[in-house]
Ligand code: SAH
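First, one chain by itself in structure tokens, the form predicted alone.
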């Protein structure tokens, strides 16, 4: 459905939000809209104007958390037609050319929402197959144009979609396969020469978080050899695989989810690592920390990558307020001169604030530390300067000095 077929709506922007939008902020916040009583259909083309009807920008309407759509252009004449999407995808694909040409990495992000000029959806590549995640019903109205644009540029072996636009960004569960041939289950992809088993048709999560690629490589190449490693909130054990391939003495993976055990065994197995020589524990991480302190266990490398929000029977964890305390518990079971890989994907605080959390935790334990290196999103997770929240990943390699 092209631009001309869609409902066009003028939305008046409150004065306090105009400067930001003019400077390139791409998200249209619910609070920014003055005439929000008007009924606007998902996927409508919207023109943002000031109180004197002067044009600011145009985009589409789509409800996503506190957002009500995304700016796609600052040119009033721009049409959101096939050519518009073709050009955006062409540019995005060109930006990833080095990854498309790297035989050792066959899973990465191809289109990263607002970072590539269209907020509300992402496209990931897995060994010839593509997965589109839709984050609002608004952008879903442009589905045919986006899929056509992808097909024009790339030889798509098979296409999957994840609808992430139910209430609270939850996953809409139905069959994700759209067309082409179905991927094997599991599909084995490569990342810097490591193997990972992914399942493209198995719910919202496919089995690996692609944004941690550089971090896994660094753990493998620089921090694992001859080390004992604890990987908490380990999911399918990808960090443990990296550590084992880097020559760790032993990895211990801890996660509350029952399926984490079989999934982690599988990730070790597809890399020809003897999983029986590793520890894989299904347990609440907070309980495991207590157990480790009781047993006086210490590790050379502790990986701490909790979800932004987690709830177990006894504990509720929210990264924004509970990270320093979690870090304190990790510090207690890290060897002197050991490394903690502190990671968060929570977009509500900055790297600076995150480093403040690290400082706070070490002060509370009267310890000293040294930061070795830090990471944000890899280059395929393209972000824009005007939208800081888009660069959500913060990873810091910290040495515990005393």
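Residue numbers count along the first chain shown, from 1. Every value quoted in this text rests on a predicted model; they were computed, and no experiment measured them.
Separately, the form predicted together with the ligand exists; it is not shown, and the next lines address it.
With the partner removed from view, the residue among 140, 209, 199, 275 that has a non-hydrogen atom within 4.5 Å of the ligand in the predicted bound form turns out to be 209. With the partner omitted from this view, the residue of 145, 310, 99, 245 that lies near the ligand in the predicted bound form is 310 [heavy atom within 4.5 Å]. Only one segment in the set 114-122, 183-191, 292-300, 248-256 has any non-hydrogen atom within 4.5 angstroms of the ligand in the predicted bound form, and it is 248-256. Using a 4.5 angstroms limit between non-hydrogen atoms, residue 235 touches the ligand in the predicted bound form.
For the chain shown alone, residue 284 is a contact residue for the ligand in the predicted bound form, at least one non-hydrogen atom being within 4.5 angstroms. Using a 4.5 angstroms limit between non-hydrogen atoms, residue 305 touches the ligand in the predicted bound form.
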